[in-house]
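The form predicted on its own is given below as one chain in structure tokens.
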Amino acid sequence: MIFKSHRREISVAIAIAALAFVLALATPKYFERENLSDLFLANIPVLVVALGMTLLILTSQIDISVGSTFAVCSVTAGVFAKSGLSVAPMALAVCLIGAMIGAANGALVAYVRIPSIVVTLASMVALRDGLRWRTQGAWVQDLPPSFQWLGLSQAAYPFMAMSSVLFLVVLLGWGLRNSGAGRAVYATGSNPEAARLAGFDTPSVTFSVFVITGALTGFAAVLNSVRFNQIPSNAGIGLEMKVIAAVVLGGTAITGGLGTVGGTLLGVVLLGMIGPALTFIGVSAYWERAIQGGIILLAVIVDAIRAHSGKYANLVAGRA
């Protein structure tokens, strides 16, 4: 029963173990402490954004503007830090800006009823080009020492980041399984009309998950920005592809209503391993994007087959 209900997560876990085994034999240097530390720090922001994307896809929505939102929030974090704002207010302000961008997207999707792919595509272009125009492509430099590593030591920061992200994983995982809000998310993605008739305010659910995703993207931008002494204005390019691929790889149905936070965590781990693994074994890193696109396409095909099979089974049962 456990295998049947979590077969996608178990399959991804097996793939992670198999890839780790192959890498251990082919290139043991992959598991050196410095490389593992870099992998962990680089994928922490990806996981944070992926948590929000999981909520969105569970409600049968999508946000392809998260990379642009990430860039805006990253640059904003640097500007706030240079203005003298301390770490905590800076992080809160950046998360609020991310939430506001998510709210704008969510309002258009939930209440104006524009498809999320259209809204977030427009938002992606507007935010990216607007930021390019505002910064003229210049990076944020001369950041104060208190900004880097959130004012902690380089050794202490990873533990703080890991604790924060694990808290989010546990909180969202528990909430989806056990809370009324979690049931509303699944119900909205499974069948919006049935959810409405059951008493769920589906527009509010949709709006809320966009806001949460925006806030999480802002938090991810802070966690990423503090690792460096300058912030590029083109941060987050390709982030949306990696995040969506990780979510669907972890078992979240692209059509909504099915998926888990644990699956997303495993998806991020596997995709985070693949990119550097290609470099270590001498394969062009450009294949990473092709793999991500292939994963998304495969997930769409699988969900389409599953939906068609379900309709056929219902038709047969109705005739019987």
Partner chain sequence: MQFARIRGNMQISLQAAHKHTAARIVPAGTWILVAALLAEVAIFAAIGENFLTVGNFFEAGGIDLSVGSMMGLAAVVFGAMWHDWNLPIPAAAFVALLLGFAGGSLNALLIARLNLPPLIVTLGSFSLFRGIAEGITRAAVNYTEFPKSFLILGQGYIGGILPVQLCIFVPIFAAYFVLLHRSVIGRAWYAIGFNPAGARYAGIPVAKRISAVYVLSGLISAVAAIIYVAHVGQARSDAGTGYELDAITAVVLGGTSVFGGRGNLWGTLLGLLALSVLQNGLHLAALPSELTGLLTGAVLIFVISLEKWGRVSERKSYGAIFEEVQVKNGQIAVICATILMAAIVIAGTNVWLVHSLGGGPAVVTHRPVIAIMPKAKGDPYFVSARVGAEVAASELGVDLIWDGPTGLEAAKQNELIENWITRRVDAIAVAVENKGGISTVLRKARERGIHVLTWDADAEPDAREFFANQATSEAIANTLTDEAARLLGGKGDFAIITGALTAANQNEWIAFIKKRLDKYPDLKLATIRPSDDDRDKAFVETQTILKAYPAVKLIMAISAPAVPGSGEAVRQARRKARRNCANCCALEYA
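Values in this document were obtained by computation on a predicted structure and should not be read as measured data. Positions refer to the first chain, counted from 1. Superpose the two forms; the largest set of C-alphas matching within 1.5 Å is the rigid core.
What follows is about the form predicted together with the partner chain, which we do not show.
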Notebook entry, point to check: Among 173 to 181, 81 to 89, 196 to 204, 160 to 168, which stretch has residues with heavy atoms no more than 4.5 Å from the partner chain in the predicted bound form?
Noted result: 196 to 204
Note to self: Can you confirm whether 122, 138 and 229, the three residues that make up this candidate site, all sit within 4.5 Å of the partner chain in the predicted bound form, judged by heavy atoms?
What the structure shows: yes
Checklist line | Touches the partner chain in the predicted bound form: residue 144 (any heavy atom, 4.5 Å) | finding: no
Notebook entry, point to check: So, in the predicted bound form, is residue 26 in contact with the partner chain at a 4.5 angstroms heavy atom limit?
Noted result: no
Checklist line | is_contact(residue 14, the partner chain) in the predicted bound form, heavy atom dist at most 4.5 Å | finding: no
Next item on the list: Answer for residue 287 alone: is it within 4.5 Å of the partner chain in the predicted bound form, judged on heavy atom distances?
Entry: yes
Margin query: Residue by residue through 232 to 255, which ones have a non-hydrogen atom no more than 4.5 angstroms from the partner chain in the predicted bound form?
Written below: 232, 234, 241, 244, 245, 248, 249, 254
Check: When you overlay the rigid core, is the Cα of residue 270 off by 2 Å or more between this form and the one not shown?
Finding: no
Check: When you overlay the rigid core, is the Cα of residue 27 off by 2 Å or more between this form and the one not shown?
Finding: yes
Next item on the list: Pin down for me whether the residue 300-residue 271 Cα distance shrinks or grows in the predicted bound form relative to this form (closer or farther, change of 3 Å or more).
Entry: closer
Check: Is the CA-CA spacing of residue 299 and residue 258 tighter or wider in the predicted bound form than here, given a 3 Å or more change?
Finding: farther
